[in-house]
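Okay, here we've got a single chain as structure tokens, the form predicted alone, with questions on binding and movement later.
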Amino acid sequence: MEAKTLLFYLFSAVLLFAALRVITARNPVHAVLYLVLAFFNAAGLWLTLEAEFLALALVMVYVGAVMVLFLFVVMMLDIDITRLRQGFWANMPLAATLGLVMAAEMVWVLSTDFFASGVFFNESMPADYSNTKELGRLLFTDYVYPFELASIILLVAIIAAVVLTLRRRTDVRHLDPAKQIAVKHADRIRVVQMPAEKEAE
């Protein structure tokens, strides 16, 4: 067995174990840490496929930013674990059925000749071939409209999150920037004329 194949099976086994522990761990903090482990192993799989940019992006964006944010949120919130676990086993048959359907679809796709036809992997690449450059070229040429559509959807999601969480409090003092800009210097400074005083003799 080649070293690349061995690494693939190793990363895949740890990834499946970590993903299973994410949904079965009783402690939310442990679930987040298992998700971090799953992301690291997914990045390892990307490295075995010679997609270094995607592996580094997965580690820096998800592990370095998103999962740290999740971990802080989970640790700061007072989560009722017993209430969170209610209905877990009741929904288990439906979740297992959907998981088996997704696994069957992935096996069916990977067993076809689509991936073996050289669409994704071409052994005759030159030595100076850059998958990052090729990814950028595909994103901004063949898939530019889906890429822009995804960015618009993310922008709408950000605006919606800000609007949904915006709360105007009336019991606190705040400054109105419009009124600050509209004020003139004559309204702020008042020159008072005072008579000159004589020095005491």
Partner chain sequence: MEDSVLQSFQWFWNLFGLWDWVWGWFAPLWPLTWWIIKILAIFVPLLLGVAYLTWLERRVIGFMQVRMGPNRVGWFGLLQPIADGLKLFFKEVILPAKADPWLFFLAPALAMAPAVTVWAVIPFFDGGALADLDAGVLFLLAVTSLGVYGIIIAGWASNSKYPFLGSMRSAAQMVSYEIAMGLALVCVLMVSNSLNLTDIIRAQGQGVFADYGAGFLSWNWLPLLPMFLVYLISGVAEINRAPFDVVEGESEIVAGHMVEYSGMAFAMFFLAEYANMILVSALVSIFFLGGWLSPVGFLPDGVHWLSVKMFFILLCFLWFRATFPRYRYDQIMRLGWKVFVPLCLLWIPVVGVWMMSPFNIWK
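Definition used throughout: the rigid core is the maximal C-alpha set that superposes within 1.5 Å between two forms. Positions refer to the first chain, counted from 1. Keep in mind the model is a prediction, meaning the values are calculated, not measured.
There is another form of this protein, the form predicted together with the partner chain, and it is not shown here; the text below is about that form.
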query: Output flag, His30, Leu33 and Phe40 jointly within 4.5 Å of the partner chain in the predicted complex, heavy atom basis; finding: yes
query: Contact test in the predicted complex: Lys133 vs the partner chain, heavy atoms, 4.5 Å; finding: yes
query: Contact test in the predicted complex: Phe88 vs the partner chain, heavy atoms, 4.5 Å; finding: no
query: Leu49, heavy atom within 4.5 angstroms of the partner chain in the predicted complex; finding: no
query: Residue contact check: Gln180 to the partner chain in the predicted complex, 4.5 Å heavy atom; finding: yes
query: Sequence-ordered residues of 49-64 touching the partner chain in the predicted complex, heavy atom within 4.5 Å; finding: Glu52, Phe53, Leu56, Val59, Met60, Val63, Gly64
query: Per-residue C-alpha change between this form and the one not shown, Leu175, threshold 2 Å, rigid core fit; finding: yes
query: Rigid-core frame, C-alpha of Ser151, shift of 2 angstroms or more between this form and the one not shown; finding: no
